[in-house]
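Shown below, as structure tokens, is a lone chain in the form predicted on its own; questions about how it binds or moves come after it.
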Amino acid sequence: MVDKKNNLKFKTKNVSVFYGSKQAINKISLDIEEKQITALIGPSGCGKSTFLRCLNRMNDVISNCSVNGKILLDGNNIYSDEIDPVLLRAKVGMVFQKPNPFPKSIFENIAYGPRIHGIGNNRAELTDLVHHSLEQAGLIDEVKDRLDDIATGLSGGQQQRICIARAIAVNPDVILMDEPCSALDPIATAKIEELMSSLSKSYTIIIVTHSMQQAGRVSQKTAFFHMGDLIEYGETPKIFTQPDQQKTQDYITGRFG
């Protein structure tokens, strides 16, 4: 019997990133399957966030940053001249470490992206889209009577879920999350983790996390980065219990990091 593989969402080959003359990541080759959660772990400064930002060309906004290698999304080279980075970032949404809602109403936070991209032709369609996005982000019951309130008045965990709803609203394929729980308390973190698990049925999720426990709880695949190199990548349970590389074992068991 043939073992059925998930479809690949991203295929990356020999990706290197330089900030000026300083090399941040070294020839990373990593295939990411769709509709599951992939965790990137490793000590601070190991290159995991730099790699994550390659996947929606966020590094383009850094003046002295250059990216080499190949990154394919659904078979298309995202660094091709034909690719519009703005449209790419709608398809590959991002949620940052610190919740960053706009200083606007909850409704306008969610409606902003669809308006920019011409999604939702009228107020009724936009309202449906906002409600659906908040529902997917597990927030609708908490804010349905407060859509005109300023989003920055919400709790940290609610603000982060607003940011997730904002990413969902433009109908992405992929959601990148750069340490989305590091500024949150344990209860808010648990809600975000539960949300990630439910969203992974519809979206490909790639998360950078300092918490090995979090990677173990939420992800199906884990990649371990160290000093700009990809040391090991595989099924999460195997990475945490039977890694192939001694360096991975040393990090998992707390010998460094």
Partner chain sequence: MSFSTLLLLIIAFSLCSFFFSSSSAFKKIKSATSRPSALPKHYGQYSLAWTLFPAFLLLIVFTIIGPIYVDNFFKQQIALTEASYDKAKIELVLAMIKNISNGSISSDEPKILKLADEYSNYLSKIYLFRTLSVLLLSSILGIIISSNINILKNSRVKVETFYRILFFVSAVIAIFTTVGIIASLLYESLRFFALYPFFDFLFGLHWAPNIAIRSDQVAAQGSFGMLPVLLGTILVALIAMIVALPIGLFSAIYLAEFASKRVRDIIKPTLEVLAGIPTVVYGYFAALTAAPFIRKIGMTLGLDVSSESALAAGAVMGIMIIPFISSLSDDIINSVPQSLRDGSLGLGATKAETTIKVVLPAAFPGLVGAFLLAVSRAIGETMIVVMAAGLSANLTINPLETVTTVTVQIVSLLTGDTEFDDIKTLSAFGLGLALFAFTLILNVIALVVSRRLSEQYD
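Computed from a predicted structure; not experimentally measured. Numbering follows the first chain given and starts at 1.
Absent from the display: the form predicted together with its partner chain. The rest refers to it.
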Quiz prompt | Stretch in contact, per heavy atom within 4.5 angstroms of its partner chain in the predicted bound form, of 134 to 142, 179 to 187, 162 to 170, 68 to 76 | solution = 162 to 170
Exercise. Consider the chain as shown here, without its partner, and state which of 94, 147, 129, 83 has a heavy atom within 4.5 Å of its partner chain in the predicted bound form.
Key: 94
Self-check item: Contact assignment for its partner chain in the predicted bound form, among 218, 205, 58, 208, heavy atom within 4.5 Å
Solution: 58
Quiz item: Is residue 112 one of the residues lying within 4.5 Å of its partner chain in the predicted bound form, judged by heavy atom distances?
Solution: yes
Quiz item: Taking 4.5 angstroms as the cut-off for heavy atoms, does residue 117 touch its partner chain in the predicted bound form?
Solution: yes
Quiz item: Within a 4.5 Å heavy atom cut-off, is residue 100 in contact with its partner chain in the predicted bound form?
Solution: yes
Practice problem: Answer with yes or no whether residue 90 is in contact with its partner chain in the predicted bound form, where contact means some heavy atom within 4.5 Å. | Solution: yes
Practice problem: Kindly confirm or deny that 48, 158 and 191 each have some heavy atom within 4.5 angstroms of its partner chain in the predicted bound form. | Solution: no
